[in-house]
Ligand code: HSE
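The data below hold one chain only, encoded as structure tokens and taken in the form predicted on its own.
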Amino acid sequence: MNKKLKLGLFGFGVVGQGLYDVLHKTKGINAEVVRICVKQHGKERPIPMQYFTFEKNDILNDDSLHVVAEMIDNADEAFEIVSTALKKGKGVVSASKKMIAEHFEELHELQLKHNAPFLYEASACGSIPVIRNLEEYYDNDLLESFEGICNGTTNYILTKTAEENLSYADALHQAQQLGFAESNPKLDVEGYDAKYKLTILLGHTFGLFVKPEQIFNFGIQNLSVADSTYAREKGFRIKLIAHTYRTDNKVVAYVIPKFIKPHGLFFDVRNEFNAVQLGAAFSDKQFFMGKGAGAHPTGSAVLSDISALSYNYRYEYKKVAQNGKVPFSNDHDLTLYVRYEDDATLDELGVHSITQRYWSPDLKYVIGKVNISKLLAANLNDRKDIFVAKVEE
């Protein structure tokens, strides 16, 4: 039997308002928002001011509140809120992927030490229930791979470059006008957002706690008309994909653009939608798709966690207990399209086993193999002279 939950909410921006909205429109969820902590004084709010406070301890020290819902955009402040709530034995839900990724192992230990549940479905893939599936459906199946479009902003931009022949800059501007991209889109377009999500998912796929800085990420910010033209002429579409899989008795993980062939399941995932493909030893491959951004999709994922808490649900982290034999490693070769300007770049990246090479006054690229460790060391997101994309083999 579920119990009535009283919630303290931190943040009332897009996600916080989305949660409040879906909670009050959903029948059967035995929960209510009692108090909301915000920072900005004098701002007009869509609900009565009696709900609001500007003091975090009004929620954290209120023993009548069962659950803290953390929906703010400052990772350091979010960690302070979440860790304090867990230490007080409160249930916590969060959508803060950067905060969770940077403190994942510590948050896991706090849950165990204080016997407090912490759920964060909305931090991974928007409305797609991937963490719950990894925890429950795949807990007794030998997982082999996770592959996903985990960022709606970049997928929207790439949809426009593919279908409307827009330049990257024009597609980004359109995404910003529609509210899909921030004025400073670095975290999305350079693949950091997808990497934070992948860091979290590594714990639920292979039971590994890996620091975000150990994982290679490269985004779409250097995408040129020439790259888009190459993909179009080959019949491919470019998607920013987060990968992790078991290979050669190790686990690898990285975020990189990928050329998707027409028969690929990600080929027709358009606009702000996310998609996930899981591969397992016995159940083979399964595919999930849903909206990855927006107030209501994210709010619905948070609401699902709140509902689960009312039934005393918590993550069991079975794969963390099972793991110990398969390490994380960046010593793995990828087959890549590498568009470059200076020939020295190929030596720097250690490109080898080249199968294609093209040179003209306006464009130079090769297709060959590159070790992930070389990519990580090269700090490619700080450079403007290169674009790399994974080639399906």
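Owing to the predicted nature of the structure, the values given are computational and were not obtained by experimental measurement. Note that residue numbering follows the sequence shown and begins at 1.
Here the subject shifts to the form predicted together with the ligand, a form of this protein not shown in this document.
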Quiz item: Does residue 180 reach the ligand in the predicted bound form, with heavy atoms at most 4.5 Å apart?
Solution: yes
Self-check item: Heavy atom of residue 188 within 4.5 Å of the ligand in the predicted bound form
Solution: yes
Exercise. Spell out, yes or no, whether the shortest heavy atom distance between residue 129 and the ligand in the predicted bound form is within 4.5 Å.
Key: no
Quiz item: Just to confirm, residue 219 within 4.5 Å of the ligand in the predicted bound form by heavy atoms?
Solution: no
Quiz item: Among 257, 339 and 390, does every residue place a heavy atom within 4.5 Å of the ligand in the predicted bound form?
Solution: no
Self-check item: Among the candidates 85, 158, 119, 150, the residue which, in the predicted bound form, approaches the ligand to within 4.5 Å (heavy atoms)
Solution: 150
Quiz item: When the ligand is placed as it is in the predicted bound form, which of 71 to 79, 140 to 148, 258 to 266, 192 to 200 ends up with heavy atoms within 4.5 Å of it?
Solution: 192 to 200
Practice problem: Looking in the predicted bound form, decide if the C-alpha atoms of residue 183 and residue 229 are closer or farther than in the form shown; they differ by 3 Å or more. | Solution: farther
Quiz prompt | Closer or farther in the predicted bound form, the Cα atoms of residue 183 and residue 224, when the shift from this form is 3 Å or more | solution = farther
